[in-house]
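A single chain, nothing else alongside it, follows as structure tokens in the form predicted alone.
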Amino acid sequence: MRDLSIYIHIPFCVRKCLYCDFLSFAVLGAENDGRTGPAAGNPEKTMESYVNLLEREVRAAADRYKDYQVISIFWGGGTPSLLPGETVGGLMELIRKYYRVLPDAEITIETNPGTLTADKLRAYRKAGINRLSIGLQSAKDEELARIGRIHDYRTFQETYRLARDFGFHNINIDLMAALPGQSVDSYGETLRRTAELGPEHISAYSLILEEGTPLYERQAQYRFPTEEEDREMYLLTDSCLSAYGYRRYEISNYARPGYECRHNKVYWERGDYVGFGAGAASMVDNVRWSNPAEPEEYEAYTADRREPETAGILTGAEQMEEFMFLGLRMMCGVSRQRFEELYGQRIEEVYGAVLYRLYRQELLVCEADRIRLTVRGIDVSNYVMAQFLFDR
């Protein structure tokens, strides 16, 4: 029986953050720079209707995956913790009814401070959710306000303590660097405060200003960290979290021993996963597809129970490219033996010239079966990954 991971997309937020260009809709109406969506008028009814579509899609797809066992489920968004706890529990029950979910499957739900309650956490535990991902981003209230977060640090602390009180022993905290008005010192304080709480996992990403977002349009109003400061923050992340016992296992992810995110590793290792919900992406048997993103189109898609329209079979070259640039994101790197098993060629036969050049530049190192980034290679990882694309 083959392994499968499931992603569930919940596209609703209390308010869209000023930097966000993800597929999500605000539910507060006029507030939020006009970036509202179909949930703004009657959010409860809209979310209920959306969940009904999700359930329809989950049921319709079940027969395709009868020979799979589910090793992880990830509720992402948006803000999945906006949904009532019983709604989350009902959908989890439906998934367990139609799919073979392993007893030890990792089941994560993304949450935001200010949207979690005792009733919701109780419902999550009952539904078998065993991992929380909490979006903190910064421990400084003024930095949170500049990026449009709905919470302050005290609210986050209350949320974190409540999650621990309800017995959640696998918690990730999301952090962001290079925020407007942020200094190296203030980012360091966020790192230290977070590490001292002792979450099992920490994800730390640098802000990327995406065109079309309010923060992009207003960037002239703020002082952003310089390139040198951004690099200092990047280096500080590793040194600080390492000092607190966290191990970097992927370019932007740190974990205590035994708490690496199983679901995300499926993406980096090119395992099979299916996404349910508007805009959700899937890859099964080297075929990639995405659901329609627009709510009306997604509704029609689930009603017709059609096969994915945007499916594309990855060529052998595309599979090898992904094997390299996804796998090298992990600190353990890629396996030479696994490459040969999958593609019938030694990795040196395909990428020999690229590999030797990157070895000479001290950006990659080969140790027995594994090829991985060096410390220097991590610093210029985007450059390294690009070398493995055939059509450069």
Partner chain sequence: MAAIDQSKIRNFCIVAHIDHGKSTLADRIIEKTGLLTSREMQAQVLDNMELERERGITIKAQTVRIVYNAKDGNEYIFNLIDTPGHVDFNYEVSRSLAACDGAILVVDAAQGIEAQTLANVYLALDHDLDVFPVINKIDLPSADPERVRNEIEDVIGIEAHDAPLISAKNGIGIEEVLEAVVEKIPAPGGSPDNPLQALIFDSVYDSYKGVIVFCRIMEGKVAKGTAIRMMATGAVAEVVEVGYFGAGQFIPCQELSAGMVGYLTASIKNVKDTAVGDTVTDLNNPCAEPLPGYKKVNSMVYCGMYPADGAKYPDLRDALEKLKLNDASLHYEPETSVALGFGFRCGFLGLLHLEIIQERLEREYNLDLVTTAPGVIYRVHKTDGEMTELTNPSNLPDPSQIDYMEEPVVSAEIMVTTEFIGPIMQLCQERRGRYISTEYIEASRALLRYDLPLNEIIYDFFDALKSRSRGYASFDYELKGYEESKLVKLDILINHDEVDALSFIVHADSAYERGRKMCEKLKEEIPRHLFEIPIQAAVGGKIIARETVKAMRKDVLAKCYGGDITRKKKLLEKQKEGKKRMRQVGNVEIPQSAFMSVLKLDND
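Predicted model only: the values in this text are computed from it and were never measured. Residue numbers count along the first chain shown, from 1.
Separately, the form predicted in complex with its partner chain exists; it is not shown, and the next lines address it.
Stretch-level contact check against its partner chain in the predicted bound form with heavy atoms at 4.5 Å: of 92-100, 237-245, 251-259, 161-169, the positive one is 251-259. Three-residue candidate spot Phe12, Thr87 and Ala127; no residue lies within 4.5 angstroms of its partner chain in the predicted bound form by any non-hydrogen atom. For the options Glu294, Glu210, Glu189, Glu142, the residue carrying a heavy atom within 4.5 angstroms of its partner chain in the predicted bound form is Glu210. At a distance threshold of 4.5 angstroms between non-hydrogen atoms, Glu227 is in contact with its partner chain in the predicted bound form. Its partner chain is not drawn, but in the predicted bound form it has no heavy atom within 4.5 Å of Thr374. The closest heavy atom approach of Tyr267 to its partner chain in the predicted bound form falls within 4.5 Å.
When its partner chain is considered in the predicted bound form, Tyr273 lines it closely, a heavy atom lying within 4.5 Å. Scanning 350-374 for heavy atoms within 4.5 Å of its partner chain in the predicted bound form gives Gln361, Leu363 in sequence order.
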